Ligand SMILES: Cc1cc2nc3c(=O)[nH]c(=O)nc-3n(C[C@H](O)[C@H](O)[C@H](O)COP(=O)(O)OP(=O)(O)OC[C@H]3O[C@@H](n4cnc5c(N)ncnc54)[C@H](O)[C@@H]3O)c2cc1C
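Here's a solo chain for you in structure tokens, the form predicted alone.
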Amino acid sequence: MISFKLSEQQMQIKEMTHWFAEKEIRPIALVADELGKVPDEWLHQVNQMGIQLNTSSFGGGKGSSKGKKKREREGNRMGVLATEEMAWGDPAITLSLPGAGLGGPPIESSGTPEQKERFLSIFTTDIPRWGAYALTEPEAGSDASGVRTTAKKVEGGYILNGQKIFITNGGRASWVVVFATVDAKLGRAGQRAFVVEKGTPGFSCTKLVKKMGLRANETAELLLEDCFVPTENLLGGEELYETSGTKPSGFQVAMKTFDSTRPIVASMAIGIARAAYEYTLDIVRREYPSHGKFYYLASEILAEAEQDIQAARLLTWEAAWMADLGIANAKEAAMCKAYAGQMALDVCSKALELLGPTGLEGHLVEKLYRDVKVFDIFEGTNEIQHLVIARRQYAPYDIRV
């Protein structure tokens, strides 16, 4: 049986991050949303505190794992605990924290030792830095196998050409993990992952996207025009692809990343739902007596919200636990992400209905409602999550879904 009682260390992480979210993040959330950015001085301050967003090992950007005693991995479980609390404070600010972000897991899982040291060590400095992950394109979003950015082999490296869209922290990232194909006719098998560094000739940020929600977080469009990337920046090196036969290794790198990051995204959705639920519950308790039709209506709606939040949390904890133990968790990661995203949208919608005028623009729940919509879209839409789940349901029967 899995124990759902948090260890002392896990409880400390949860309490520490909640304190930070309450004291440091929540007070600037509405201002950052209005400005459309997180203040630079604030980002420098939190980086000095050692707080970073590293999705495969939350808060682990500073320091090294060298010399530590080998023990059971807990990075994914720590990650979902901490991210829920941070997103409770504000999801856009959480995504804006310095660190490797979504670019960390593919480097950690598929990078060579030299690549891990080279690209991840930059986050140990006192200067805030970001990493990013570029898979989505105008013609390749939910269908990640449809990547059209090309990678042409030349002496000493590759020439990349293509466009990437909706890239979190893409404009300010020190490096971006970019997915491209060496031959579109090969489909998934032709995909490769490259680490493209900021300042590389032919690599540019063409636009920062204005959004309905998560306004304080930078979302970029990137362009690669005859961009030369040296062979040493091919993630995993040439050997990874030479020894993989017909396996779609580049595609597998992308999918393996999602198995780690989808529980993180789910935990953020849970944090948003919890923030809306707690804010609404507090107002109902303070402003309405424990009788009358509205009180009983609100009580029923909020009770259902708490139930759904807890169900999403348990799904997410299981997926993170499996990832830490090295158990294949693609189905569970898809389940928690699909359920949590829709659940959070429903909870925020019900909270707005209960709040009435208090839920209008300029109030916390209205902002959360705008923020939460993307959580059933990015990291794979809910339809894609259901396809992932269905394929694994039917796998034993060899039925194509």
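Heads up: residue numbers just count along the shown sequence, starting at 1. Remember, predicted model here, so these are calculated numbers, not experimental data.
Below, we turn to the form predicted together with this ligand, even though it does not appear here.
With the partner omitted here, the residue from L352, V374, I28, L345 that has a non-hydrogen atom within 4.5 angstroms of this ligand in the model of the complex is V374. This chain is drawn without this ligand; in the model of the complex, the residue among G141, G236, G157, P128 with a heavy atom within 4.5 Å of it is G141.
Stretch 129-137 is the contacting one of 198-206, 264-272, 129-137, 277-285, since its residues have non-hydrogen atoms within 4.5 Å of this ligand in the model of the complex. Taking non-hydrogen atoms only, Q10 never approaches this ligand to within 4.5 angstroms in the model of the complex. Although the partner is absent from this view, A100 stays clear of this ligand in the model of the complex, with no non-hydrogen atom inside 4.5 angstroms. The shortest heavy atom separation between I389 and this ligand in the model of the complex exceeds 4.5 Å. In the model of the complex, this ligand sits beyond 4.5 Å of every heavy atom of Q393.
Heavy atoms closer than or equal to 4.5 Å to this ligand in the model of the complex belong, across 374-389, to the residues V374, I377, F378, E379, G380, T381, E383, I384, L387, ordered by sequence position.
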